[in-house]
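As structure tokens, one chain now follows by itself in the form predicted alone.
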Amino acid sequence: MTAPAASTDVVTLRDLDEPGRVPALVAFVSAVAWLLVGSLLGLVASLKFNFPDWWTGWAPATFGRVRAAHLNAMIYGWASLAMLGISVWLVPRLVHAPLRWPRVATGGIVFWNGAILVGVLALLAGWTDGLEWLEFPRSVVDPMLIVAGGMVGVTLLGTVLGGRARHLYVSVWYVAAAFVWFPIIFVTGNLPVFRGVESAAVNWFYAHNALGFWLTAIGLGAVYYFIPKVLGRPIYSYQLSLLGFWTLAFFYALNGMHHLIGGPLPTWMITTSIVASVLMVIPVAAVAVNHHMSMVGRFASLRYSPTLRFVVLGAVAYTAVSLQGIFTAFREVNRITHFTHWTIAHSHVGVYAFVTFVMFGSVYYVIPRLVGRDWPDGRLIAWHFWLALGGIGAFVLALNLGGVLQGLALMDPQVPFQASVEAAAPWLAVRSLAGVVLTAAHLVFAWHLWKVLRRAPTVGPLPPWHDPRPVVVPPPGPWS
């Protein structure tokens, strides 16, 4: 019997990247546009704490409308679109199959942008559902988001099902699960059947799980990909990564009720949420150990790799915000921090220091591979990094300190309410200054992206960041 002929079925990384190039670029460019819009809206909202009589004659500029528009532009505009771009680029590489139906994915991303535009304009016009993280009008914008997200999700799940990899790397688990979890929690949160206390409980079921099952899931999927990829070494423990994934899936769903400690909910519901929050130490520890041990002996690489610089600090922020969330879930702590600026600081550690930093690092890695040329100016990357790090550091430190002082004043029955406002006022000034710094960082990032998109493609040998090694795909077999 003669030996079987060697397979000639060879797929290069360029072959895997090409179908997803247009949807990824559309997602990244529009995400950065929403990052700028959200930054300006957030800066206006922050300044209104310092100058409450400023710009009050025009209704769309009032705090209640601007703050909601800022939150939704950042969550559904910047962060979600960046994650869609990462997903359509990442999954094909990991399952060894080109993106299925790329035009459907592009259409979904364009439609998602349309939904965000309609939603933000509706919020500025005063049309809102009045639920945090669910402010968009559910009768118009939410169906658009479901359809748009479904279009992208179908292409990704179709790519996973048609993949030819021998096993699914943990990043695929996180990304694929996110596109299953998100429509479930989004539809549940928007069902118009809940009233009163039930509505509050469902609201925080959605808001907390949007962070854990959408933003965190894809964020961790990106971290698990880029750290080993840039270092050229495997993740420390594949088994540990699966432990982190499955314990996140089991424990996170019940965490949201700790935001309602002291509210008119059954004690068993609040206690269950506190216990689930404490159990989150398992996935957090698993992820933290895995990421740290993967970096051991290679931390010096943060000096020259912008991707690692942002992604590793984002991973550290994930550990920090998770431990802070566990700490805040205890009743003794929550009595002080609830209804204070501490909560705002906590959410920014998660959404900005973790998710946004990971997205920054991911974009720095992916864009050159999509457009065929490297970033033109390392100084702009350095400016972006240090402005973003300094801005979010000052923001979080100021609001954590101001929030504790505010909470202690609110708890003292001998202290008038005005004292709690005055205790937080200096820290709110630091918050606004930090907002200016963050906005400057985003302008630098956007300008650099514009520069790289305008440059001519690289001519001649492949630049050093390009990996020319082919991905050899085995012929179809019983395992496929």
Partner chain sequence: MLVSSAVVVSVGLLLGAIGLGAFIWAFWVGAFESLDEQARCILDERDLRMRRPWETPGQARERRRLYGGPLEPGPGEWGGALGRGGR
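Keep in mind it's a predicted model, so treat the numbers as computed, not measured. Numbering follows the first chain given and starts at 1.
From this point on, the text means the form predicted together with the partner chain, which you will not see here.
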Assert contact_stretch over 72 to 80, 404 to 412, 141 to 149, 173 to 181 against the partner chain in the predicted bound form, heavy atom within 4.5 Å, equals 173 to 181
Residues 194, 242 and 265 are flagged as a possible site; in the predicted bound form, is every one of them within 4.5 Å of the partner chain by some non-hydrogen atom? yes
Which of 335, 103, 233, 292 has a heavy atom within 4.5 Å of the partner chain in the predicted bound form? 233
Proximity to the partner chain in the predicted bound form, single hit among 376, 162, 393, 137 (heavy atom within 4.5 Å): 376
Report whether the minimum heavy atom distance between residue 250 and the partner chain in the predicted bound form is within 4.5 Å. yes
Look up in the predicted bound form whether residue 347 has a non-hydrogen atom within 4.5 angstroms of the partner chain, and give yes or no. no
Can you work out whether residue 254 and the partner chain are in contact in the predicted bound form, taking contact to mean some heavy atom pair no more than 4.5 Å apart? yes
Residue-level question: is residue 157 within 4.5 Å of the partner chain in the predicted bound form, judged on heavy atoms? no
Is any part of 334 to 372 within 4.5 angstroms of the partner chain in the predicted bound form by a non-hydrogen atom, and which residues would that be? 364, 365, 369
